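Starting off, we have a lone chain in the form predicted on its own, written out as structure tokens.
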């Protein structure tokens, strides 16, 4: 039963990434999304095609599975290979520059630092793809943090970009390990993340998430937390959307989209959180069966579950 529950949650996390990404993509860059548009997404979503958010999540999962754990060089080259195969997925300007540098011989942990005048990116691109790391290492939080940070630095080397990935990974790992038979404590997740937030901007945003009242509107959330491409806005926004509806995948993801702004990425991360907690079985059938790459995502989720089991066996005393 425990293995079945974990399989459902692992699949839910990866499918949640793709579903949130695909549902949110048509609204990216817009203002707050009207309820009529959200209702149409629920009733007739149409063909669900993912963007670079899911494409890079697939790359992270593929590398972790192929190398039986984190290998920075392999992961960077996997990202680059996947981009060359499908460059039309909606990549921003930064990652392709990193991919080119890595292919030309720049070390995987140096290329990302060369962007933005040497400061690195603090966008949300590392956080959006980090769910496979949280799944593989969910039993060892320190490993989750270390690998999330290392994997983020491939393309998003600014401390705020790295910290966003770490907090998103910690949230997914926390939710994977939650006992679904016990009422969910919203404050527990926020306080868990606050303890691990190093930067004042993240602590401030998480405090605002915690202080939002149940009747807060989408406009209230955007005003207090944000909805932009910066990791310190997108990650807290995704956490907030999940916490508004921890018992409903569809409501959580549609809440994320309603915020407007970087809708695909915020909904992608919300989908990972909700899927990790509620499982694949909680994702509406038209979404989980209609999203592009569903079969591949399930295969990789199962492979990550096997990888996590292997890590556990290695740690058990003989």
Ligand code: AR6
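Residue numbers count along the first chain shown, from 1. Fair warning: this is a prediction, and the values are worked out from it, not measured in the lab.
One more form of this protein should be noted, the form predicted together with the ligand, which is absent from this view; the next part is about it.
_Looking at heavy atoms inside 4.5 Å, which stretch does the ligand contact in the predicted complex, given the options 181-189, 118-126, 74-82, 137-145?_
It is the stretch 118-126.
_residue 90 versus the ligand, in the predicted complex: is there a non-hydrogen atom within 4.5 Å?_
Output for residue 90 is yes: heavy atoms within 4.5 Å of the ligand.
*Using a 4.5 Å heavy atom cut-off, state whether residue 243 contacts the ligand in the predicted complex.*
No, residue 243 stays farther than 4.5 Å from the ligand in the predicted complex.
*So, in the predicted complex, is residue 229 in contact with the ligand at a 4.5 angstroms heavy atom limit?*
Taking the distances in the predicted complex, the answer for residue 229 is yes, it comes within 4.5 Å of the ligand.
*Would residue 113 count as a contact of the ligand in the predicted complex, using a 4.5 angstroms cut-off between non-hydrogen atoms?*
Taking the distances in the predicted complex, the answer for residue 113 is no, it never comes within 4.5 Å of the ligand.
*For the three residues 156, 262 and 265, verify that every one has a non-hydrogen atom within 4.5 Å of the ligand in the predicted complex; reply yes or no.*
Contact check passed for all of 156, 262 and 265.
_Residue by residue through 93-107, which ones have a non-hydrogen atom no more than 4.5 angstroms from the ligand in the predicted complex?_
Contacting residues: 93, 94, 95.
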